[in-house]
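Given as structure tokens, the chain that follows is alone and in the form predicted on its own.
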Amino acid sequence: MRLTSYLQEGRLTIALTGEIDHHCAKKYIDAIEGKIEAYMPNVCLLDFEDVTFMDSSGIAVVINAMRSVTRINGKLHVCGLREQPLKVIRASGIDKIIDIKEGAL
């Protein structure tokens, strides 16, 4: 698990890397929640450009990020989804409740 983040003009960008599965999902959830609580962004952007694989545990990562940012009245965007993670998100149906941006931002 590796993640990088930066805050710019109230927008927190969190870039995830590698594979998101049950082995690392909890660490991602905790790290993302910590960043959101620390920076209190208006917008949180989860960048999946470097995520090569995601199972259903990745859905928990996205949903928990959405809950954390909603608690502070912010918005969550997801970008950079490759084909496989996008299929998992669409199969779960959460693409109907999260804002997916095409490509990387």
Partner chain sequence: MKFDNYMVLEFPSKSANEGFARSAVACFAAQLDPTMEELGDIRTAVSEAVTNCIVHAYPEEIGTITVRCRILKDQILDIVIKDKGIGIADLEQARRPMFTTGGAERSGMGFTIMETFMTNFSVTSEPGKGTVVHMRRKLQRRK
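Residue numbers count along the first chain shown, from 1. What you see is a predicted model; the values in this text were computed from it and never measured.
There is another form of this protein, the form predicted together with the partner chain, and it is not shown here; the text below is about that form.
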Hey, in the predicted complex, does D21 get a heavy atom within 4.5 angstroms of the partner chain?
yes
Considering only heavy atoms, tell me if S57 and the partner chain come within 4.5 Å of each other in the predicted complex.
yes
Check R71 for me: does it contact the partner chain in the predicted complex (non-hydrogen atoms, 4.5 angstroms)?
no
Give a yes or no for A31: in the predicted complex, does one of its heavy atoms lie within 4.5 Å of a heavy atom belonging to the partner chain?
no
Across 60-94, the residues having a non-hydrogen atom within 4.5 Å of the partner chain in the predicted complex turn out to be A60, N64, R67, Q84, K87, V88, A91, S92
